[in-house]
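The chain below stands alone, shown as structure tokens; this is the form predicted on its own.
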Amino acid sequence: MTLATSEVAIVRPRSRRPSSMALALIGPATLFCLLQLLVPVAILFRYSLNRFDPASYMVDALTAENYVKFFTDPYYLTVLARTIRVSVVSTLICLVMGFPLAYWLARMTSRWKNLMVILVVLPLFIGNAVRAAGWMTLFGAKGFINSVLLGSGIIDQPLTLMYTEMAVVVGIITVNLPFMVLTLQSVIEGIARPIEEAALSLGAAPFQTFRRVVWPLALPGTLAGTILTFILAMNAYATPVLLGGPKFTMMGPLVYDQFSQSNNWPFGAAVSFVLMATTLGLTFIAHTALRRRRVG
């Protein structure tokens, strides 16, 4: 008993050493990231409780009038609703388009697989403004699409493609689709192929195999991909400005305009917190719903 007790006493410090070492390694970086995130957010929240004065711009106060102004003005509520609608639609389209591509890449055994993955990642090396400018050359009144349709006699007048919600959705999809594909691919690669083969050998149709085997196992990746693309869409700036125009306002450009154009920092801070709270709230609701469905 004495020998066993001494062995346990010797083993215990050794078992604790890796965890303490890991804490010592990640602790400073974690603390630094938290400070970089929480301190600016706290300052911004304090600004949102101040008052705006055209002469002095910001007056110290403790008032919720900026939040009241946002939720009582139909214009700002319309901007919020439009942002949510565009984000949800673009996220769903990214999921529908990205899942087959991610599955194909995950099951690909060819030597060209790395090249295919690079092609998926390649658009991320181009800035959002450059990609939006490319879509402008396609959607413009004298752009490629209208020129082809007019030249072939299909239409008599140019179609209104620019400065529409459709143009913004298309632009956001091109930005967010690689993130969806890469997230799904990493999860699908972890699903053993024999599981699908076993389902097929037991008489399940391909669609049943997808619905009962692949989809439930890929749900964590689906959740991560949808959350990532939804957050990116909610906070998009360059794409709505360039493809939506001045009359198509979303929350990201609205925040920028309040800080840079109107110099209304208190209201801009309040709009920022409304955007952040809405994004986090909808993300939490979607996460909870998918998690309950997975458990059920």
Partner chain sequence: MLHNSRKPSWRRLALDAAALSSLAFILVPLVFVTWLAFFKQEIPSFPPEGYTFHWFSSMLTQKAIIDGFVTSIEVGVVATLIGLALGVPAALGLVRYTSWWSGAASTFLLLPLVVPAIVLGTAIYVAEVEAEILVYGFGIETPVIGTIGGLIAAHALIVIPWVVRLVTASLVGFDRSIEEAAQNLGATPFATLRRITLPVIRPGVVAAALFAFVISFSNLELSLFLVGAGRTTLPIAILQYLEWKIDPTIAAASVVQIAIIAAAMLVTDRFVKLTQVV
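Here the structure is a predicted model, which is why all the values come from computation and not from measurement. Positions refer to the first chain, counted from 1.
Another form, the form predicted in complex with its partner chain, is not on view; read the next lines as being about it.
- For the candidate set 202, 77, 192, 122, a heavy atom within 4.5 Å of its partner chain in the predicted complex is found for exactly one residue, namely 122.
- Screening 188, 86, 223, 173 for any heavy atom within 4.5 Å of its partner chain in the predicted complex leaves a single hit, 173.
- Contact with its partner chain in the predicted complex, defined as a heavy atom within 4.5 Å, is made by none of 53, 72 and 286.
- Using a 4.5 angstroms limit between non-hydrogen atoms, residue 252 touches its partner chain in the predicted complex.
- By the criterion of a heavy atom within 4.5 Å, residue 153 is excluded from the residues contacting its partner chain in the predicted complex.
- By the criterion of a heavy atom within 4.5 Å, residue 248 is excluded from the residues contacting its partner chain in the predicted complex.
- At a distance threshold of 4.5 angstroms between non-hydrogen atoms, residue 137 is in contact with its partner chain in the predicted complex.
- Of the stretches 77-85, 215-223, 153-161, 114-122, only 114-122 has residues with a heavy atom within 4.5 Å of its partner chain in the predicted complex.
- With contact defined as any non-hydrogen atom lying within 4.5 angstroms of its partner chain in the predicted complex, the contacting residues in 233-251 are 235, 237, 238, 241, 242, given in sequence order.
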